[in-house]
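Here's a solo chain for you in structure tokens, the form predicted alone.
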Amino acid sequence: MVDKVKRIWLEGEFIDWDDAKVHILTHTMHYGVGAFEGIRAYKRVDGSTTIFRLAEHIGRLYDSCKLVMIEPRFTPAQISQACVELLRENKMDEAYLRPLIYVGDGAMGIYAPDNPIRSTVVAWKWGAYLGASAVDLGIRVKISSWARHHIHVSLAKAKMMGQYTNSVLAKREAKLGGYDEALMMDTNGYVSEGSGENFFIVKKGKLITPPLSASILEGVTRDTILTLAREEGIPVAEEMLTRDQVYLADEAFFTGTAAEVTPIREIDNRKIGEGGVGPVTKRLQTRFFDVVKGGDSSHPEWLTRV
């Protein structure tokens, strides 16, 4: 349940939460074409609030718009500023931000090129995405029977609404089976990603994740972890992964803005490594949290002060 805050930014104005409404014929609600982002703002140990990698998230938002051929009437700078001002407006020192670009009401049918393109930013409090104990103890994962979109069928690099029906099906299947999350394969049987996270394994001290040419979203947290791993001297590879490689991994974890760095202790009833949080995962997890909200100031370019 999302706890509502005071204000939402909609089409250039701050309005009361309960007044943020859209028409029932909003095109995106019927056909799923639209783009969104998930961004976190953290309260740091010095008491300041910063938004993590705001520029990269807004850049990806506009890349998604380009892929689905919609043109927001607000610039990236304006949406970025709206994110900052929304936190100030709601007096929030930590939050999850959701900028969203959608096709408004007007014409119906698949092709509606003249419908208005609307923009909004919402903020709310969001703790550990996969549960309070997930970050510390790890989660149980099921390889889904649902495959990730084929690159010739959809736009894997777009973070767009309609595409997430695929993720909802995979997540429901996993939860109904008693697991915490799903791991999705591509249509060729190679490992892709979670229902809303990128995926990593560790094998013999080497960090491995599927490449961008696979059917995965180009995750901002994924890029963060790859960068931090290289700085820590951890060998890194972007390679296609098979199911059996995953089962035999020494460690595994998910990354994402919502999931942050979430260890995986079990996949398909097979214990991963020792069945807990592995040393490489813990090292990267600790460094990540120190960068986003601790005392690590090694990447000031990633932090937008509120």
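Predicted model only: the values in this text are computed from it and were never measured. All residue numbers refer to positions in the sequence shown, first residue = 1.
As for the form predicted in complex with a small molecule, it is not shown, yet the points below apply to it.
Relative to the small molecule in the predicted bound form, residues 49, 95 and 293 are all farther than 4.5 Å at every heavy atom.
Just one of 74, 190, 146, 164 comes within 4.5 Å of the small molecule in the predicted bound form, counting any heavy atom, and that one is 164.
Taking 255, 64, 281, 28 one by one, only a single residue has any non-hydrogen atom within 4.5 Å of the small molecule in the predicted bound form, and it is 255.
Not displayed here, the small molecule is approached by residue 159 to within 4.5 Å at the level of heavy atoms in the predicted bound form. Not displayed here, the small molecule is approached by residue 195 to within 4.5 Å at the level of heavy atoms in the predicted bound form. The small molecule in the predicted bound form comes within 4.5 Å of no heavy atom belonging to residue 138. Looking at residue 119, you'd find every heavy atom of it more than 4.5 angstroms from the small molecule in the predicted bound form.
Looking at 242-250, 66-74, 53-61, 261-269, the stretch with residues near the small molecule in the predicted bound form, meaning non-hydrogen atoms within 4.5 angstroms, turns out to be 53-61.
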